[in-house]
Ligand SMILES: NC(=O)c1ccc[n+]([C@@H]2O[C@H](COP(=O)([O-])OP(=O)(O)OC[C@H]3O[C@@H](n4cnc5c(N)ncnc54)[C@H](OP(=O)(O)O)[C@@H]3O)[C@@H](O)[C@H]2O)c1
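Here you get one chain, nothing else, as C-alpha cells; it is the form predicted alone.
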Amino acid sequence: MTNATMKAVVAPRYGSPDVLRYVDLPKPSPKDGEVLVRIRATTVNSGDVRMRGLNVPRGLGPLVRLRMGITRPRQPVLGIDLAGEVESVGRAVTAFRPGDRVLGSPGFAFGCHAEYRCLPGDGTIVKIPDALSFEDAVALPFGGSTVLAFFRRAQLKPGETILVNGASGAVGTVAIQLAKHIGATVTAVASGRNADLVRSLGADDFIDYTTTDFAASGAKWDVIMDNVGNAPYARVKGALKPGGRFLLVIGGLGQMIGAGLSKAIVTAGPEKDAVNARIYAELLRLWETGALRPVIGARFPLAQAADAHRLVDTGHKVGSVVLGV
C-alpha cells in the first residue's frame, strides 16, 4: 500500500465550471497488465464539458445519467486523452517499460485530468515519436479518431466534395486535413475570423456562417459533416447530391432514431471503433508523413481547468484546448 497522492481536477456534481475543484487524490498503482502513466498533457473537449454540465443532445440526458451517474458523475475526474511517460508497469506487461513516451485513452471511463492514470497495457496506448511534443500529441486523437471513424463509415472517396460544418474546432480542423489527404474537395464552414486558419489547413472553399446559410445557397455536396449540431439532416438534405451522405457527429435522440430510417445518414459506430490503439497509431503515422498537424487554440495549466471549461462552453474554441500537467 502507498500513501502517495496526486493532483487532479474533479467535478463532484453536475454543473457549471464553478463546480470543478483542484484536489489531492490517492496516486494509483498499476495492477497486473496495467501501465501507470505520468500525465504531461491532456485536453478539455466537448465531451468533457457535456459530462460536467450534463449538457447533452435532446433526449439523451436519462441515458447519460444511467451510464455516467444519476445525481453526480460516477467518475468525477474527467479527461479522455493523455500524453505522458510510463512510470511503472504491472506484471505481464511487455510492450511498455518505464520512460516510454506514450499517447493513450481510457475512453469514456475518463480520469485524465490528473497527474497519473493507469491504462491496460493492451488497451488504447501507443508510443509517441521522439520529435512530437506531449501537447501536440494529445491534440490529435479526440478529433482525429472521430474523423477517421466517420470517414470510413461514409466511405469518403478521392474526387468527392465534402462540407465541414464547424471547421475550426477539434474535429473540423482534422476533417479538413484528412479529407484533403484522401483527395476530396473541401468546403469549410466557420466564422470569418477563422477563415485564414481553415484555408491554411487545406480548405478549398470557405463559408462564413454568420453571413451565409450554406443549406440555402443552392450548392450541393457529396458529404456534409455536422460537427456543431445546428445543421440537422432535415435542414441540409437538399444540399446533398444524389447518393450523398450526412455525417451525424452531434445529434439528439430523435435524430439518431431517424438515422435508422435513412441510408444517407451516417452515425458514429461503437466507441471501440474510434478509441483504440490502431486508430491512435494511424494518427501518429499521419503526423509523421505531414498529412496531419495538430491545431491548439489555447493552453492552460491543470490547476486552471475551470477556465479551459469556460472557453469550451462558449462553443467558439479553435482546435484543441490543452492542459499542461
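On a predicted model such as this, the values are computed, not experimentally measured, just so you know. Residue numbers run from 1 along the displayed sequence.
Here the subject shifts to the form predicted in complex with the named molecule, a form of this protein not shown in this document.
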{"property": "Of Ile250, Val86, Ile128, Cys118, the one that lies within 4.5 Å of the named molecule in the predicted complex (heavy atoms)", "result": "Ile250"}
{"property": "One residue of Thr124, Thr146, Thr161, Gln177 in contact with the named molecule, assessed in the predicted complex (non-hydrogen atom, 4.5 angstroms)", "result": "Thr146"}
{"property": "Partner contact for Ser191 in the predicted complex: the named molecule, 4.5 angstroms, heavy atom", "result": "yes"}
{"property": "Partner contact for Val171 in the predicted complex: the named molecule, 4.5 angstroms, heavy atom", "result": "yes"}
{"property": "Touches the named molecule in the predicted complex: Ala137 (any heavy atom, 4.5 Å)", "result": "no"}
{"property": "Exercise: Gly315 in contact with the named molecule in the predicted complex, heavy atom 4.5 Å", "result": "yes"}
{"property": "Answer range among 237-245, 192-200, 215-223, 96-104 for contact with the named molecule, defined in the predicted complex as heavy atoms within 4.5 Å", "result": "192-200"}
{"property": "Residues of stretch 209-238 in contact with the named molecule in the predicted complex (4.5 Å, non-hydrogen atom)", "result": "Tyr209, Asn227, Val228, Asn230"}
